[in-house]
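Only one chain is included here, represented as structure tokens and corresponding to the form predicted on its own.
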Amino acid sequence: MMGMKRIYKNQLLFIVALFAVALYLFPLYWMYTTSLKTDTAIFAIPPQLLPSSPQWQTYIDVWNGSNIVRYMSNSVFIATGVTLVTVIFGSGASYVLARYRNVWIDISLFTVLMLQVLPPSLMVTPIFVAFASIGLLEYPRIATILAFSAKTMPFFVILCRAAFMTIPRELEEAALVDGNSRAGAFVMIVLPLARNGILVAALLIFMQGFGEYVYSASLISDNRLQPASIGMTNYLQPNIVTWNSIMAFAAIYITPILAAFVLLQRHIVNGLTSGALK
């Protein structure tokens, strides 16, 4: 009897999981199908789940007429910069929060967690004023990288702190006995052992930076330097919205990131759970 109950429970959980996955993936499915529909089919009632005559020409037109390569290059530049800044400065902060425990460290960790709650729309105005006062807006992509790094830093610190906490202190103490400094033990011993967690966190930060919108829209006015998240809005005109072109642009834009996530999902899960057990 208990065995049958367990089977029914597992089947119910499997059905719930399938429903959750379908609910999560439906917007992606709708994006790809809408990109292949005609203007008339997009607004058909009832909605067409599959395009009757796929319009592959839309992808060709978007690729040739939207400067999408330039926009995506800017997105890669911003995402790479955000990842480097976050990893370089966040690794040290994560290590300190993992190794030293006192009331000030607890306060710092609480502050880091609270910073993750702040929305970009709330932070962008004071950041814009501060950057304008020091002349950093003359380098808008650098300004965007620094601004978004401040947003991603708490997320990175929380993830990497768990990875650092799994590394035994005895390894560092042995390195100190052998003559290494604290910084040397951190670089030579701790960082290599925590590399999986750091790499996974860095990959997630890169994905966030690749899709960044708020800071780019506020700090970058030059169309030649804007990322793909801003370039996509060029299809939003006052009197007409070409939804199939927008969806085709979005499909080209996010497919590489989706492919990378699918290929690396096992490593991402392992890295996220690396700090669960000690």
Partner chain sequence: MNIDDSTIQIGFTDVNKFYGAYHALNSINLSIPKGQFVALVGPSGCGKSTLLRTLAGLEEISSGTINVGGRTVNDIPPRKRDLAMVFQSYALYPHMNVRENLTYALRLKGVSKEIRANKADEVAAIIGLEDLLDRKPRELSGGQRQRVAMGRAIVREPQAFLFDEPLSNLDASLRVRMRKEIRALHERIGSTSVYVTHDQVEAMTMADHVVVMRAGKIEQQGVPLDLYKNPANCFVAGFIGSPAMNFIPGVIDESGESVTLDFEESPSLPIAQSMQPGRPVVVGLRPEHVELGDAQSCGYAAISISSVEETGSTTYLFSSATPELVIVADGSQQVRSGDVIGVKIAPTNVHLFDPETEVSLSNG
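Numbering follows the first chain given and starts at 1. Because the structure is a prediction, the values reported are computed rather than measured.
Below, we refer to the form predicted together with the partner chain, which is not included among the displayed structures.
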### Message
Considering non-hydrogen atoms and a 4.5 Å limit, does the partner chain approach Val103 in the model of the complex?
### Response
no
### Query
Does Ile189 reach the partner chain in the model of the complex if we count a contact as any heavy atom within 4.5 Å?
yes
### Query
Is Glu138 close enough to the partner chain in the model of the complex to count, meaning some heavy atom within 4.5 Å?
no
### Query
Do Leu193 and the partner chain share at least one heavy atom pair within 4.5 Å in the model of the complex?
yes
### Query
Which of Ala202, Ala175, Leu159, Val85 has a heavy atom within 4.5 Å of the partner chain in the model of the complex?
Ala175
